[in-house]
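Read the single chain below, which is given as structure tokens and is the form predicted on its own.
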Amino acid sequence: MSKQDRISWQDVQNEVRQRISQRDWKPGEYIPHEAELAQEFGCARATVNRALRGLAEAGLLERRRRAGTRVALNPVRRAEFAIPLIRAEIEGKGQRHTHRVCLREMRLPPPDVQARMQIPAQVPQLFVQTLHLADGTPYVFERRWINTSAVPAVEGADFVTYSPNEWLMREVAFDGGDFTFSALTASAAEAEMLACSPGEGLFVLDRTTHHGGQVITSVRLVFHPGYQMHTRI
């Protein structure tokens, strides 16, 4: 195996990131051209291109066609969010996960969901409500819309072995999405579902995921009182 075969884009990215953090390349300073870096690292220019592209997307580099690549003057620190597999999250806390599908039906989404999912009006979609429990105690209540045009196989899913959350993670690829975080006070219905008092503060996560230009699902997760989310930058 040649040296070129052994150098990955991750290796290049790690080295470039280290040079930036150690101020070998200072903010605002242009870095060597891709061809020079490829020669230095002993890898293909495409490998360098992929590494630098990722660092530009992370906000550490600024790339301009014909002008070159420089270290960002004000690097953007981006938080990293993973789409949560609820079962794994609960089991990671040493608790037993169970789920209960409370409602499953085809229905017309409200206008805000239609807009979020970018789907035609008057086209029914699959709507599922699921309660996830940790050691038998309500953990999160999930209201989920699934685009049956994008995921036709979902109509045959029973959601008994796997919750909608886990079924989609297992069966459907995704290449992007968005998160919205908010809070609400528990209504009587939410208080009953999450075994809390009406008016208690609840953490809410709204998320859409998409693949190939189509929205796969839009989901609202309402967590039990006191829930905390951890991420990193």
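For clarity, every value in this text was computed on a predicted model and none was experimentally measured. Here, rigid core means the biggest group of C-alpha atoms that superpose within 1.5 Å across both forms. Residue positions are given as counts along the sequence shown, with the first one as 1.
Another form, the form predicted together with the DNA, is not on view; read the next lines as being about it.
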*Can you pick the stretch from 26-34, 191-199, 204-212, 178-186 whose heavy atoms fall within 4.5 Å of the DNA in the predicted bound form?*
26-34
*Quick check: do Trp9, Arg50 and Arg66 each get a heavy atom within 4.5 Å of the DNA in the predicted bound form?*
yes
*Mark Arg170 yes when one of its heavy atoms lies within 4.5 Å of a heavy atom of the DNA in the predicted bound form, and no otherwise.*
no
*Is Ala58 close enough to the DNA in the predicted bound form to count, meaning some heavy atom within 4.5 Å?*
no
*Along 33-49, which positions have a non-hydrogen atom within 4.5 Å of the DNA in the predicted bound form?*
His33, Glu34, Gly42, Cys43, Ala44, Arg45, Ala46, Thr47, Asn49
*Indicate whether Glu62 shows a C-alpha shift of 2 Å or more between the shown form and the other one, with the rigid core used for the fit.*
yes
*If you line up the core, does Asp206 shift 2 angstroms or more at its C-alpha between the shown form and the other one?*
no
*Would the C-alpha of Val12 be classed as shifted by 2 Å or more between the shown form and the other one after rigid-core alignment?*
yes
